[in-house]
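Given next are two forms of a protein chain, the same chain in both, each as structure tokens and marked structure 1 or structure 2.
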Structure 1
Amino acid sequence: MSTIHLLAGGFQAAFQFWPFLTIVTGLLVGVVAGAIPGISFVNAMAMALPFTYVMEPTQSMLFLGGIYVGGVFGGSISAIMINVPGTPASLPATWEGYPMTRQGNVKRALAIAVTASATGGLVSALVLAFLSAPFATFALRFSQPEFFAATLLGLVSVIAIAKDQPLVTMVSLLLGIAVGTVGVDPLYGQARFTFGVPEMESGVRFVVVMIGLFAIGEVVDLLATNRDLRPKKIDGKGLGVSFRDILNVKGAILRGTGLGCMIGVIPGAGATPGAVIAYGVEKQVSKRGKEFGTGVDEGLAAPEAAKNATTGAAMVPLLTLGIPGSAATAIMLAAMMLHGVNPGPLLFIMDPSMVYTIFAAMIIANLLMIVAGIGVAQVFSTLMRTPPAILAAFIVVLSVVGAYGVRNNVFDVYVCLAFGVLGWGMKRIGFPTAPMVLGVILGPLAERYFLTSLANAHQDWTVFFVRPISATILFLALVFVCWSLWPALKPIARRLLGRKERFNV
């Protein structure tokens, strides 16, 4: 069947009452969670993950996908209105959106933001729908060595993206991989790193780690810093925006959308690099580049389009290779695995209805986001008046219930709380937590593919290099590692060369 017919079937399934209600509910949850600083849509997805157990596999993906789409935009509401980004990707919105609010143009800023976000997300969803199948067809040529190489590329891509802190990011990633090794060896059945604790023999669940790092860690930081999230009074009702104003920033929206789609496909990238890069590029190409930071429409439109354009693009490697393109898609990967669904090229053959229903849901969610975003913005000031202590207590209760529900085990609650304290400590010292989560998820996958490849090749290590696809991917991984670590290693190399020259003299 052609992509058009399959997508039409996906729309028919998505517009059924319960699936459509699931999409709308997830979208509203995502917008609200993204708009409230201290929660963020990733935290909301992590807390919602255990509750997807009672859903069908497709319904759980529609729910999490709605949270993903709505949450990426929702963070810009608080960024524009109170200068507090609800998510890291919404940081550029504070640079241009909040100055517009101070000028009395809050409605204009919100209208430009939601239009740019919806456009970027819609284009990204169409890219997902029409390019995933050809990508999956190519991926059918993959075997265990290729899957190991692709998973390894996903791991090192995390380091490559964090060029400002490559060594710290690599340490966080390796710590996550180490946590993922706790339990029983997948090939030989030997317990490792259990320290005599029977509960640890079944491993540390990545769901529990995510809830601890993202949800509990943020709550502890919120209470420790005693941040007041309640909005300040804004003078002026704000000016509206016309269709002509939107057309004037179409170039910025298109550039941001293109950059977001390209960056989103890179495993480990996500919305934050897309938004920041789009803002920097737009500042260079815009005629008003010198005015950026004072409330320029193009400076707001470009990063808003880019960060939502990463949503659909990040799901391409997830569905075709089983490699999450961001922390949010890592949670969606966890949901699929919890339901016994293995993402990859075979999914497009074994269950195309599920795949194209997800595609249709992403398109629907981005179209509905305009209404949802404007509606949530209207009531945002009321929601933000909730005292931080009550908000934190609500998050902790949901997190504890969710962690316990993973295996109905109190030990998982203790692990969740421990990782929550660890996440707070990492946040306080500027240690990134997202690489650790990706390491916990991708580390065991890489180990399994590695050991299976060696077993099938009779312990011949050259199997990874004699196959063209795996060799090419491993070469790209090596390039990514060298490219990302060189800025940090360059001063060391200079000092070593300087000592050698003095010694020769």
Structure 2
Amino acid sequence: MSTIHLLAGGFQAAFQFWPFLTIVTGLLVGVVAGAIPGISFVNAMAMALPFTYVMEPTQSMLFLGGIYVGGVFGGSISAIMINVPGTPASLPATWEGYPMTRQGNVKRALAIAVTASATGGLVSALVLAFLSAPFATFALRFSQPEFFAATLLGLVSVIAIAKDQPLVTMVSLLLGIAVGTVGVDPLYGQARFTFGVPEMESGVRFVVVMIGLFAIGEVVDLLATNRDLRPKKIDGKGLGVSFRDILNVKGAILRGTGLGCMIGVIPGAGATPGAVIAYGVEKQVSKRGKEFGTGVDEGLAAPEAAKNATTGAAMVPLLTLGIPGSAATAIMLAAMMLHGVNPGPLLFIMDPSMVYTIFAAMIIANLLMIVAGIGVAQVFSTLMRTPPAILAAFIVVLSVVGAYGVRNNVFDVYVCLAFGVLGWGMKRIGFPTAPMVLGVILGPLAERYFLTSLANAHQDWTVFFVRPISATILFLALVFVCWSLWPALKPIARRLLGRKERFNV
């Protein structure tokens, strides 16, 4: 049977009453969980796992798939509306989406975000359905040096958000990576920077740092400035965006989708590097690159498309090879194993109807996400009409619960509050917090991949340069750094060349 026939059968199965209801429920749970900072869709998937015991294997995958798709987008709702990313991948949404909200264009920001996310997710679901095999082969060629190179590319893309302060951005990023080194190291099992505190051995979780740096600082600023969260001007009736506006950002959406599909298929890469790299690339490519950070449509659309494009792509190694590339797909693997389903090439032969029902469900979930995203955003809009003091009180409580919920540990609450105070201070002096958060997220991954690569290669440093994919990614990272820094270096180079010419004359 051809792929189209199998996919048609998948749609038929997914559109039955109970499977469809399961997708919708999962999607709503995901969007809400993603939108609440600290709860995260991964936690929601973990909490939903026991509920899948009573479901059919396919139905359980539809439920978890729905949460996954909805959750990856949901994080952008709080990022756009209150400048607190619900998930790490929504970090770029705070850079462009929140300025739009402050300009009174919240509906426009949400409409662009949901459209870009749905497009990215839809394309990646189609990629999953039609191109699983070649993508899986590509993913299989990745090993530790390639993972390190990809993570490094994600880290250096932070230079794109540096605006005019690349030095401070680098300091902030390295400070974040240093924070990520607290606790037991990934290879030798030795504790670092614990200062005699046993709880420090488990390390500092990025979610806790993210909540502290973003949520607490924002809430305190809200209190100190008595800012009204209601939009200052009404951005028109309806969605606040026209079809032409969406067409204007089609390039950004397509670039983000392409990057998201490529990055998502790499096990371990995930939505966060995908979104950050897409933002960095878009800043360089876009004609409005210099305006990024002030609420530019392209800057919001590209990372949104990229992060949801990773959802379908991340399913490729899971379904074709049985390799979970992220926490979310690991939970899906667990659900499959619980039902006695072993993902891998044999699954496509033994139970193609299940596989193609999952593909169809991913497509349906991405289409339904537009409705679900707008619906949940409406609820959030209503919440924003409440007095800022009341809203801020609940943001603090949710942040503290979110930090506690990471490991059910009160120590994480203290860490979150400490980073909250630090984040407020950083904000007041204009020290960028986003690179630091990115460092805490990607730093531990980079260290693990770096050390294991060297350990596997008997400490031979050339391992990163002799492998074609790794060398190519590292070369791209170098090109990206030069490309990003060129506007800042150009006047210096021109001045130096000018002096030389004058000297020669």
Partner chain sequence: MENRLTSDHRTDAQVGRAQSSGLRVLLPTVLPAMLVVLGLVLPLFMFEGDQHPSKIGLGPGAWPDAILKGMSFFAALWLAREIWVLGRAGRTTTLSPPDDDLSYSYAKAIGGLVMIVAYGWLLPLTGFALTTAAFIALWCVFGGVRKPLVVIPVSLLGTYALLWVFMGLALMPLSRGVGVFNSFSIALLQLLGIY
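If you superpose the two forms and keep the largest set of C-alpha atoms that fall within 1.5 Å, you have the rigid core. Residue positions are counted from 1 along structure 1's sequence. Everything numeric in this text was worked out from a predicted model, so none of it was measured.
Novice: Compare the two displayed forms of this chain and pick out the form predicted alone.
Specialist: The chain shown first - structure 1 - is the form that fits the description.
Novice: Look at W424 and decide if its Cα position differs by 2 Å or more between structures 1 and 2 after superposing on the rigid core.
Specialist: Yes; W424 is a residue whose C-alpha shifts (by 2 Å or more) between structures 1 and 2 when the cores are overlaid.
Novice: Do you see a C-alpha shift of 2 Å or more at D297 between structures 1 and 2, with the core held fixed?
Specialist: The answer is no; the displacement is under 2 Å.
Novice: After superposing the rigid core, is the C-alpha displacement of V31 2 Å or more between structures 1 and 2?
Specialist: No; that C-alpha moves by less than 2 Å between structures 1 and 2.
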